[in-house]
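Only one chain comes next, encoded as structure tokens, the form predicted on its own.
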Amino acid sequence: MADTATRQENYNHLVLNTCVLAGRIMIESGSEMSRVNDTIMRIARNAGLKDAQVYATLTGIIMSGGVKEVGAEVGSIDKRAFDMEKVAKVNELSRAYAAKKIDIYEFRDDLVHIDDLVATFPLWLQTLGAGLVSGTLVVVFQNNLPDFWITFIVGMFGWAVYYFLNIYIQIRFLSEFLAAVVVSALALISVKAGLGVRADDIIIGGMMPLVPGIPLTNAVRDALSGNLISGPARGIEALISACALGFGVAIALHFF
């Protein structure tokens, strides 16, 4: 009896740990909170914890198994990025667990090694994508075809600066500020050198890969779903990002 109770307690602790880990990966990857809560609760119920409760915010997760012997599990969220591939992978693993294609041990192991399961796009491809977004949108939004190629190049440089600063500084708002300075400075210099036509259009296009679109979208979705903590928090985070980009442009315009 004692061995059975111990095994059940260890199993319940494993389920809680798996739920919190899944939620942490999703929040760190930019998922909206309603999806995080739904995924965590589905995992818990499929594992037999019918009375489990979860409280998730942008900075942490608190989860109770609803069983006196289990207690609660706490997980902190130290960083936030945007990786929809990881969000989709966690949902895929959750569905596989619900269908009993994998057990809780395989589930947790896959979550621990999710970086190996989800491919990360190489820097050259990310940079190329940023350039395509920048060049295409300057044509779509501003109808400025002559500035396509210079905006393409400026957008690539801006993303590369943002990428490397995130590695070494690890302060996203500072990285966005400095990347905006670089984009704006290159746009102004290119126009003065006769490589571009309209600096404003080049700046707009080059800034597009840096605009906080996902945080803004998730802020609205969280607020509309009734999550009045994470919704405004995401909105403030997006506002700070937008201010960092705006200040970067203003600094470049002042000095260049």
Partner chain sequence: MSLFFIKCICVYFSGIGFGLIVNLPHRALNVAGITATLSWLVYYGIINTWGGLGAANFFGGLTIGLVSVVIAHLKKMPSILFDVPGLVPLVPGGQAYNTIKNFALGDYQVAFNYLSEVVWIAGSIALGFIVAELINKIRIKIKYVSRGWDK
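Please read all numbers here as calculations on a predicted model, not as lab measurements. Positions refer to the first chain, counted from 1.
The protein also exists as the form predicted in complex with the partner chain; that form is not presented, and the subsequent description refers to it.
### Distance check, I153 to the partner chain in the predicted bound form, heavy atom within 4.5 Å
Heavy-atom contact with the partner chain at 4.5 Å: absent for I153.
### Task
Classify N166 as contacting or not contacting the partner chain in the predicted bound form by the rule of any non-hydrogen atom within 4.5 angstroms, answering yes or no.
No, N166 stays farther than 4.5 Å from the partner chain in the predicted bound form.
### Query
Counting only non-hydrogen atoms and a 4.5 angstroms cut-off, does L58 reach the partner chain in the predicted bound form?
Answer no; every heavy atom of L58 is more than 4.5 Å from the partner chain in the predicted bound form.
### Query
Is I203 close to the partner chain in the predicted bound form, meaning a heavy atom pair under 4.5 Å apart or at it?
Although the partner chain is absent here, I203 would touch it in the predicted bound form, with heavy atoms inside 4.5 Å.
### Task
Using heavy atoms and a 4.5 Å cut-off, decide whether V112, V181 and I229 all contact the partner chain in the predicted bound form.
Verified in the predicted bound form; spot residues all out of contact, no.
### Message
So if I measure heavy atom distances to the partner chain in the predicted bound form, which of the stretches 72 to 80, 128 to 136, 169 to 177, 103 to 111 falls within 4.5 Å?
### Response
Every other range fails; the passing one is 128 to 136.
### Message
I need to confirm a contact call. Of L195, I62, V67, I214, which residue comes within 4.5 Å of the partner chain in the predicted bound form, counting heavy atoms only?
### Response
If I apply the 4.5 Å criterion carefully, the residue I get is I214.
#### Entry: Neighbours of the partner chain in the predicted bound form among 147 to 180 [non-hydrogen atom within 4.5 angstroms]
The one in contact is W159.
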